[in-house]
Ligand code: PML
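Shown here is one chain on its own, the form predicted alone, set out as structure tokens.
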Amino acid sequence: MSPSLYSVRMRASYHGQHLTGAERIVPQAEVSEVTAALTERAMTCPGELADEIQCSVEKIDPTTVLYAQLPDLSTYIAPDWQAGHRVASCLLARAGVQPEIATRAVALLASGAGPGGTVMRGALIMDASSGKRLEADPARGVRVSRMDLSPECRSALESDLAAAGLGHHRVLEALVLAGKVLGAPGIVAELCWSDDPNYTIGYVADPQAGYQRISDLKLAGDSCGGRVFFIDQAKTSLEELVDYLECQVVLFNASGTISTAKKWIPADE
């Protein structure tokens, strides 16, 4: 009999503002250790000291788990954030997002996609053809949850990322999240960069090209950021999409390719 699996999720905030979050899917025997590790991570994250940390543990029905392969990983080098924005817009257009909508989405994240120019707690959902925003709550958006790596895949991926000079947990976790998003019904592409003022790297992901890191998408010290999920409404309903992103358990048991080549601005720029 397979060991029972549990979803362990952590969210930390300061005066109601999200600071950090992480989650794992682990066997019962590892729940206490992983919960402690995620709590320690929340207490030691850079910036403000969290005044509220929430950890939740939820047993998973093993018959509902979807197993999948991670997307391929590649890296684009941009000399500055303006060039990074052009790279992101170009990659989104390649994926099937209307070019003017891609450019608008990049500018929206740079200025703050939440009410009054704030950073959203989750991702906004945008129609790839019309640019219409579809998320029910423009402050919360949609939160992607319940995804992780199988133990064997985690060990191999950590080694491969370290060998490629990408050993930080941010890369692994972003790759896992992007992998789940790319498996969602109706997804055309994803755009993301962090609201952490010390982290300027972001990515564009799409089902064909995979996870494409971009070296500079904002100035150091800039606290804007977020995620945009571009969808084809003819291929999904909003209810189906959100249910998959928030509730479907996905475990990745195989890696894609990890390219160490550094690409520059796309050839069609």
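Fair warning: this is a prediction, and the values are worked out from it, not measured in the lab. Residue numbers run from 1 along the displayed sequence.
One more form of this protein exists, namely the form predicted in complex with pimelic acid (PML); it is left out here, but the text below deals with it.
With pimelic acid (PML) omitted here, the record of contacts in the predicted complex names 201-209 of 201-209, 64-72, 32-40, 238-246, defined by a heavy atom within 4.5 Å. A heavy atom within 4.5 Å of pimelic acid (PML) in the predicted complex is found for exactly one of 178, 192, 92, 187: 192.
None of 108, 153, 101, 174 but one reaches within 4.5 angstroms of pimelic acid (PML) in the predicted complex through a heavy atom, and that residue is 174. None of the heavy atoms of residue 132 is located within 4.5 Å of pimelic acid (PML) in the predicted complex. Within this chain, residue 140 is remote from the site of pimelic acid (PML) in the predicted complex, having no heavy atom within 4.5 Å. Within 4.5 angstroms of pimelic acid (PML) in the predicted complex, the stretch 209-246 places a non-hydrogen atom from each of 211, 213, 227, taken in sequence order.
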